[in-house]
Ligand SMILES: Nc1ncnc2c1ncn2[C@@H]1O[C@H](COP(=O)(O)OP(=O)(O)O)[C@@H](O)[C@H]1O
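One chain follows as structure tokens, the form predicted alone.
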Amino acid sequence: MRNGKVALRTEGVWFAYREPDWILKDVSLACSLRNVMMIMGPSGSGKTTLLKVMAGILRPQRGKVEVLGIEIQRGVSRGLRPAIGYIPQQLGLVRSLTALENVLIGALSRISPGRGLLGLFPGHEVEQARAAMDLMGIGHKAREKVFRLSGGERQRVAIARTLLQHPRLVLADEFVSDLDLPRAAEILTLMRQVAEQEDITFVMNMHEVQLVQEFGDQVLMVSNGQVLHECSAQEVNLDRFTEVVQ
């Protein structure tokens, strides 16, 4: 880890949608502040479930989860919720809304429910949303409906929406898996820049060894709901990954 300050920690986490069919089995990990942690593993290994537990979307039956030093296994407090960004594999965008309207969803925790339902966002929130889109290189797409955007542009909208939360931790689930390697590398380059500029910790599920090596700091290899190996991104190669998870 880059430094001794931990952004995310799990200790002995077990999770099952229906006991005793455990999806996660005694998972312990730690990710330091401003790190980019990559989680690798075969399909069905529990990676998505692990991200949801760390985001507070799912509650483990056993074990401990801490985000920024606060335990969340029994639920995420309203004050901590904006600090945790979650980007699902399918991005969770509203295709019929514009790119700007989707990004503004990231500000909903800071405005009244009535204003949010009516789309009445304060001017400073709109300015911040436009700034986040500019940072991601899609400011010129603000008025474009999401269904008209390319896959790479939708990825950028999803990241900009998450940035508008002002998160300290972002968890992303295979969110570049539908892109070719050059496009995926472009998105991950932006994420690394954001991590350094905004002091954000990223944890993401990833299956492309090349992308893990280039953009990760810390790597966890999981299989059958367990952490089997931990190493630096530079130590990852396809042969080692195959050997560990088989």
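Quick note: we count residues from 1 along the sequence shown, nothing fancier. In this text the structure is predicted, and so the values were computed from the model without any measurement.
Omitted here: the form predicted together with the ligand. The next part is about that form.
A.B. asks: Just one stretch in 30-38, 176-184, 191-199, 48-56 has heavy atoms within 4.5 Å of the ligand in the predicted bound form, so which one is it?
C.D. replies: Heavy-atom contact with the partner occurs in 48-56.
A.B. asks: Whether Gly69 contacts the ligand in the predicted bound form should be assessed with a 4.5 Å heavy atom distance threshold; does it?
C.D. replies: Gly69 lies outside the contact set for the ligand.
A.B. asks: Though only this chain appears here, would Pro42 touch the ligand in the predicted bound form if you measure heavy atom gaps against 4.5 Å?
C.D. replies: Heavy-atom contact with the ligand at 4.5 Å: present for Pro42.
A.B. asks: With a 4.5 Å heavy atom cut-off, would you call Ile23 a contact of the ligand in the predicted bound form?
C.D. replies: Yes - in the predicted bound form, heavy atoms of Ile23 and the ligand come within 4.5 Å of each other.
A.B. asks: Taking the ligand in the predicted bound form, which residues along 57-84 bring a heavy atom to within 4.5 Å of it?
C.D. replies: Stretch hits: zero.
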